[in-house]
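Presented as structure tokens, the chain that follows is alone, the form predicted alone.
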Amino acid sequence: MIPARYGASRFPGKLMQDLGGKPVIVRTYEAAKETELFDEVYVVTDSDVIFQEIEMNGGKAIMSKKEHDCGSDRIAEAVEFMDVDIVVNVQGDEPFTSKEGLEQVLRVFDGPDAEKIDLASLMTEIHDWKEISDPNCVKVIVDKESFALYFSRSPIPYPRDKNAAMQYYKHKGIYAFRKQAILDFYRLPMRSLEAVEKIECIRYLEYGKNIKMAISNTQGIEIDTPEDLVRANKVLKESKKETVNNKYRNFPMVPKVVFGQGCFDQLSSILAPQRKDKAPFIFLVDKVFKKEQALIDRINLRFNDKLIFVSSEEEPKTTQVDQIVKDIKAEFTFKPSGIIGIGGGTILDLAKAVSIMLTNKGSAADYQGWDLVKTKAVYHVGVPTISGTGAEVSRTTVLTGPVKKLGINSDFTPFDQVILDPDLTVGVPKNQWFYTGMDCFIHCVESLNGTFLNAFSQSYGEKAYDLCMEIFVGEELSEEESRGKLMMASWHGGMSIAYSQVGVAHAMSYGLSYVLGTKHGIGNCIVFDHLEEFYPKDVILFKKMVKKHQVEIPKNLCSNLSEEQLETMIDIALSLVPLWENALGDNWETIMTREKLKALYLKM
């Protein structure tokens, strides 16, 4: 529900002002609709002009029957006889409302304290004292469980001690109500605090309702003044459709890497200069090494360092990251000196994500996407014990979240240091060695055949491809040589996709992983086995490698899927737009239709 009053006190008629060729209220309606989070989206208004504008643009509008003091009252009247569970209030003057923010506010109703929550809302960090002091900026303070204590136009808390460290939060005008809560609000009279502050959510607090707050890191523009409108038009004009398919890539690389047999023993001397007083190093180590005491002894724990064994049986999840971060913060007073990941792609992705979430507030799920991380991660080191994933060089950390499988892709994700010791890959089971090696091979194929390809990514991709040919097709290499070359193939393959992109196999593998929990390397092999149409020469070569190494590619994974599971799988795959753009070009949607994708999955 988008309450829309024509006669706003600070900027009358603002909702009908032009924003990039459309009225502000139409932009807000379309933004809410495009999130695809809601069964219905309505504008609720007291204005014939707004009502007609929304309907003329194909939207749904409801006319208020009565005069109302606030948007919540207007919404309550509209939903009183509707069959709904959760009602979300999106402010009409927020045309840049994001899906991420709305997902965050809805997600609190899935938490363990959901029964206590009458409504949920968003807050965002603010640092500028001018904004903190601005009465047009509503501040909020919360308790330790993130339930709102009070909202105010004044700076709260007041900084009597100017040197005291305090994080201030601005209230963002998005609410999610239980239907009964908003009906209660409608029937309860305004009390003095709400009347003084002119902040409607205070009424809930005054009557003992519980408001759960979530932190949002997305920044929009509220149209409160004519100056805001000018700024919004400028932003809209300057913002073009941004995809990963851009001409220039200015990404950071891993600044330090050491390679060679036995170089793992350099770990202690590498970490020593990074150690901070009383701040531990946290080692996330694959659980398969729990009984390998010789390796554990080489880690050389010091002072209050902590070693955490993590299972790599399942793909890493945002909830798993959040729990590890929560446990670290509960145990240690000081932020860790660094996070060291020792294991395969799952462990390396977890190490990158944990290092990010120790310095960025909220859930790891809030940062799934491109360039959402704003604060530098703690120092982090990657030590791969399986070759092929490319995770050691990657700019992303792939996580399965509550609604999607997607990487945290940012400038702060790459490791600060990588240790490449081929000896650590001794004893990897044959199937696992093959699946992760094929992940590297598929990286190369998708990069070299993609529309994003440039000379930089091509040079890395071709080298990695040639190394894969030596390892998986040739006959001359010893096991020791093979280990070293596969480690370098993984590095070069990761560099190639960092500066281009993967393609069809990875997009479809993400769908398998999200729905069925299929591990990434094996998922890529299952999919790639059926992609002759897209990569004909290399699929033939892949089948030859499978036969040569006597590996069984699992079949019939999708034979017993429900229609709902299949549709979810398709949704996840199709959401990875940059991958499809790289694989099939700008008109990829006309090539990879839902029907086509469904047929491919059913082959599996």
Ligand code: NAD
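This one's a predicted model, so the numbers in the text were calculated from it and none came from an experiment. The first residue of the shown sequence is 1; numbering continues from there.
Here the subject shifts to the form predicted together with nicotinamide-adenine-dinucleotide (NAD), a form of this protein not shown in this document.
The three residues E315, D349 and D439 all sit with a heavy atom within 4.5 Å of nicotinamide-adenine-dinucleotide (NAD) in the predicted bound form. Of the candidate stretches 254 to 262, 337 to 345, 466 to 474, 164 to 172, only 337 to 345 has residues with heavy atoms within 4.5 Å of nicotinamide-adenine-dinucleotide (NAD) in the predicted bound form.
At a distance threshold of 4.5 angstroms between non-hydrogen atoms, F289 is in contact with nicotinamide-adenine-dinucleotide (NAD) in the predicted bound form. Taking the partner from the other structure, nicotinamide-adenine-dinucleotide (NAD) in the predicted bound form has a heavy atom within 4.5 Å of a heavy atom of A391. S363 falls outside the set of residues with a heavy atom inside 4.5 Å of nicotinamide-adenine-dinucleotide (NAD) in the predicted bound form. When contacts are judged by a 4.5 Å heavy atom cut-off, Q501 does not count as touching nicotinamide-adenine-dinucleotide (NAD) in the predicted bound form. Of the listed positions (G427, P135, G517, P402), a single one reaches within 4.5 angstroms of nicotinamide-adenine-dinucleotide (NAD) by any non-hydrogen atom in the predicted bound form, namely G427. Proximity to nicotinamide-adenine-dinucleotide (NAD) in the predicted bound form, defined as a heavy atom within 4.5 Å, singles out one entry of T396, Q368, Q320, N89, which is T396.
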